[in-house]
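Just one chain is shown here, as structure tokens, and it is the form predicted alone.
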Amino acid sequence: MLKVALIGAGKMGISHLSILGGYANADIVGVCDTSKMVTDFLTKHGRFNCFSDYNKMIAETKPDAVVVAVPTKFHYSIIKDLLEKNIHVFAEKPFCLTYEQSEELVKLASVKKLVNQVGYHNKFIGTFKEVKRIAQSGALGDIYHFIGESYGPVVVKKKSDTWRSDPAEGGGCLMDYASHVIDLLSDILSPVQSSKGTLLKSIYSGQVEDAVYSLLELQSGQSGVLSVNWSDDTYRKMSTSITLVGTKGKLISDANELKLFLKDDNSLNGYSKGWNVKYITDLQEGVDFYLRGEEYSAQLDYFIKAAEGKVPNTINSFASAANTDKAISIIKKSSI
């Protein structure tokens, strides 16, 4: 049985803790958070072994793997410490505040031969997995344009400062929202190589951007548009979509529906000439424990299996997350 601990029992940490509790082969040996109210509640009602100091937790419980769900500004130091202690790490996104920090952790995890994963959950959504398969099948021909979009109602009025409004805390639409889209584009097509004419627009926030608009060129030579806005209250919740335009067809997909237009018949098994529509219910694999969405359970399930040596550590690795951190840096430098 894999001994697992959690550092950070906030919104995402509690979600991860709930999902981990559903695994028969994962023993939750410790939970660490600086809020005494949180740890007292978890100790009393969840009967978890709680700590306020993660170093003490590690020393006493000796976990095989740790889920890190603290604010991004703490990722580098905590993850480096865990890797040096030979512990497998799952970290929430975004990975680090800078690409230099990310690159260092990638190298350390590689040297230590430790399982490493970052929580970009979109890669575990059935529609986006199918987008990648279609893009790599050649059915769209030469993909010459893409659009990566995400919209939602995160900051819809001026309000008091939180971590979301502080760039030193990992706040801002680019790191918190656009990183999801950038990571998907990098996985489906290729990592970002350059950015042109970037607009980082503040709508309600004072110190950070609320919208990101940029022209991207990928290492593959493909180019397209990034359009992300977390101050769009015409959406009930975060909505991410990918559009691919090729010489033989066009694909438009979000987390719920995939629409594919093919110019030729018999170019892709399961699809015909003209418009095709598939839904998440047709494409999503089931999970043993459902919370918030299959993708959240699926990513942790993959991490646990990778730590057990049952699957390769190839999805959402530190290396792929570092590509996203590098892209964020590129986009920032190109802003007008």
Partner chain sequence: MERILFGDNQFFAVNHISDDKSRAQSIKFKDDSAIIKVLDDARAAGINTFMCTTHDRIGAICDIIRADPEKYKDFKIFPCMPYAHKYANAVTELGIAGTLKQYVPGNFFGSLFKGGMAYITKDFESIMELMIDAEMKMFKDIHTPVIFLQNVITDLLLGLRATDMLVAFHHYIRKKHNADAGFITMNMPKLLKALQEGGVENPIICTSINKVGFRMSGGKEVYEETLKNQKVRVIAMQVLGGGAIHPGEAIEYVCSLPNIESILFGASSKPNIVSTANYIHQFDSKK
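Numbering follows the first chain given and starts at 1. Predicted model, so just to flag it, every value in this text is computed and none were measured.
Same protein, other form: the form predicted in complex with the partner chain, not shown, and the subject of what follows.
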L291 within 4.5 Å of the partner chain in the predicted complex, heavy atoms: yes
message: Please determine whether Y204 contacts the partner chain in the predicted complex, using a 4.5 Å cut-off between heavy atoms.
response: no
query: Are any of the heavy atoms in M37 no more than 4.5 Å from a heavy atom of the partner chain in the predicted complex?
result: yes
task: Determine whether any heavy atom of A9 comes within 4.5 Å of a heavy atom of the partner chain in the predicted complex, and answer yes or no.
output: yes
- request: Heavy atoms, 4.5 Å, the partner chain in the predicted complex: which of 63-71, 281-289, 264-272, 307-315 makes the cut? Say which one.
  value: 281-289
statement: If we test each of H145, K259, R133, K107 for a heavy atom within 4.5 Å of the partner chain in the predicted complex, the one that passes is K259
- prompt: Of 27-47, which residues get within 4.5 Å of the partner chain in the predicted complex if you count heavy atoms?
  reply: I28, K36, M37, V38, D40, F41, L42, K44, H45, G46, R47
